[in-house]
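Take a look at this one chain, the form predicted alone, written out in structure tokens.
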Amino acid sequence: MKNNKQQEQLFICKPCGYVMKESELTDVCPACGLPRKVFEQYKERMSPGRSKILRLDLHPIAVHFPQTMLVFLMQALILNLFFPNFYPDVLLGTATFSAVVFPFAVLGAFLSGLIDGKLRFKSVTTPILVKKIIYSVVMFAVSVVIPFIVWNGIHHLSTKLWLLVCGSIALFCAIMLGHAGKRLMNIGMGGAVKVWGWKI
């Protein structure tokens, strides 16, 4: 016997695209605030397996880790440059830790992005996804260089400046990835898709 939640009808707000269950409908759209009359019935086009995995939001969550490491790294360096006597061990320790963890966070976001793209669009060779992959590869390459820069410590001004240059490149890539990604959040191809030989 099917669960009632699985059978529950979905509704979409026509102006903003917000999708919700019938039991969650209120007098206004919780996203844009327009009256309930703007909602219409919505049929999920993706297979249940794809929808279930995409609803976990693994990629949107994963992209926050490299951004956090990058912000910690750059803030700690900038603070140390302007206030060299303000907890230097803490700030440089934070920068070092962030530099070492950064490539692993970028790799996780990149791999989750490939899976998300394949599930959402059945291909990762569409123009926007190719653009995202290029920015991701550049960001990953920079992230791999950063731990080598901090290998012998970050006490010299030249090391800090190199880290800020690499961090700025990575930050530019992160901004471009964010701009491209936010347009893709609520769209995708219908039906099922094969991922690593499994039909989902």
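So that there is no doubt, residue numbering starts at 1 and follows the sequence shown. Keep in mind that what you see is a predicted model, and the values were worked out from it rather than measured.
Another form exists, predicted together with ligand HEM; not displayed. Remarks below refer to it.
Worksheet item: Hey, in the model of the complex, does Pro15 get a heavy atom within 4.5 angstroms of ligand HEM?
Response: So Pro15 does not count as contacting ligand HEM.
Worksheet item: Ile133: heavy atom within 4.5 Å of ligand HEM in the model of the complex?
Response: Ile133 belongs to the contact set for ligand HEM.
Fill in: 4.5 Å heavy atom contact, Ala109 and ligand HEM in the model of the complex
Residue-level check for Ala109: yes, a contact with ligand HEM.
Discussion item. Is Met20 near ligand HEM? Define near as a heavy atom within 4.5 Å, in the model of the complex.
Written reply: Close contact is absent here: in the model of the complex, Met20 is far from ligand HEM, nothing within 4.5 Å, heavy atoms only.
Discussion item. Looking at heavy atoms inside 4.5 Å, which stretch does ligand HEM contact in the model of the complex, given the options 154-162, 42-50, 135-143, 24-32?
Written reply: It is the stretch 135-143.
Worksheet item: Tyr87, Gly93 and Val150: each with a heavy atom within 4.5 Å of ligand HEM in the model of the complex?
Response: Not a single listed residue reaches ligand HEM in the model of the complex, so no.
Discussion item. For the stretch 105-127, I need every residue with any heavy atom inside 4.5 Å of ligand HEM in the model of the complex, listed N to C.
Written reply: Residues within 4.5 Å: Val106, Ala109, Phe110, Gly113, Leu114, Asp116, Gly117, Arg120, Phe121, Val124.
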